[in-house]
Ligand code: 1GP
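Coming up is one lone chain in structure tokens, specifically the form predicted on its own.
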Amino acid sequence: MNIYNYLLETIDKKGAAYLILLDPDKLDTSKLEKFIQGTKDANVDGYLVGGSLMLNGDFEGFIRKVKQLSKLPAIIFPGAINQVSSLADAILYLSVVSGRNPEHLIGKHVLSAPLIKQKNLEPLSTGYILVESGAPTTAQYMSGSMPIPRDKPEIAAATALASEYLGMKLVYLEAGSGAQQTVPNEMVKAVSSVCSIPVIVGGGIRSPKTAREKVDSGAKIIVTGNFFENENNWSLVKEFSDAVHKKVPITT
């Protein structure tokens, strides 16, 4: 399966795609089967798999388990160059274009490219834009990059457009895991209005209403992760999915 085409087709059919981030460090594998089943029943479109540190998680084993439990795409969301596995369907080939740290613009990519080719992974080149979210985030700290100020949508738009002109297939507006504030709707609108490639929005999205606002503002892929690390929130997956899939009639 060509994952990029799958995402484009899903966006065309449903209005937007909904992906859930699975962090092997934070989601107990003993509960994974129950959670995965719930996401399939809720019409989720796929999974991002990855974490910033991987202190406790078995990355390879975790992806294997996800693929055993679901036929939905598992896309690596790498926090480091060692997070590469042939068991996944694709990998977000992230370049932190909002910052000026050369290691995260091209340096790590030179080291990881041979591994990705060896594993026969589909690379999804992605302009990764960190956005100020009210407090320092893990992504900001680990990348050593300053986020774009939340009140500067024009900077985000120009940065995203530059990413597209450099040949990237996706733009990812990231508030960060557990962000206090989401990416502003005005910024999503500004970026989506100048870009012809899909805009991903993630970080701090804690309600279906907020997810729908991002889609209505022009986001084509919505990502949630931290919110569903709390098992008490699992029953809301379907509501999030329905909110994102604006072209799909809601069934009860």
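Please read all numbers here as calculations on a predicted model, not as lab measurements. Position 1 is the first residue in the sequence shown; the rest follow in order.
The following text describes the form predicted together with the ligand, which does not appear among the structures shown.
Asker: With the ligand left out here, work out from 191 to 199, 34 to 42, 223 to 231, 210 to 218 which stretch has heavy atoms within 4.5 Å of it in the model of the complex.
Answerer: This holds for exactly one stretch, 223 to 231.
Asker: Could you check which residue among 99, 79, 123, 178 gets a heavy atom within 4.5 Å of the ligand in the model of the complex?
Answerer: By the 4.5 Å heavy-atom cutoff, the listed residue in contact is 178.
Asker: Under a 4.5 Å heavy atom criterion, is residue 46 part of the interface with the ligand in the model of the complex?
Answerer: Contact check for residue 46: no, nothing within 4.5 Å of the ligand in the model of the complex.
Asker: Taking the ligand as it sits in the model of the complex, is residue 174 in contact with it (heavy atom to heavy atom, 4.5 Å or less)?
Answerer: Contact with the ligand, yes.
Asker: Given that the partner is absent here, does residue 184 sit within 4.5 Å of the ligand in the model of the complex, heavy atoms only?
Answerer: Residue 184: no, not in contact with the ligand in the model of the complex.
Asker: Under a 4.5 Å heavy atom criterion, is residue 93 part of the interface with the ligand in the model of the complex?
Answerer: Output for residue 93 is no: heavy atoms all beyond 4.5 Å of the ligand.
Asker: Going through 1 to 33, which residues have a heavy atom within 4.5 Å of the ligand in the model of the complex? Please give them in sequence order.
Answerer: Going through 1 to 33 in order - heavy atoms within 4.5 Å of the ligand in the model of the complex - there is one hit, 21.
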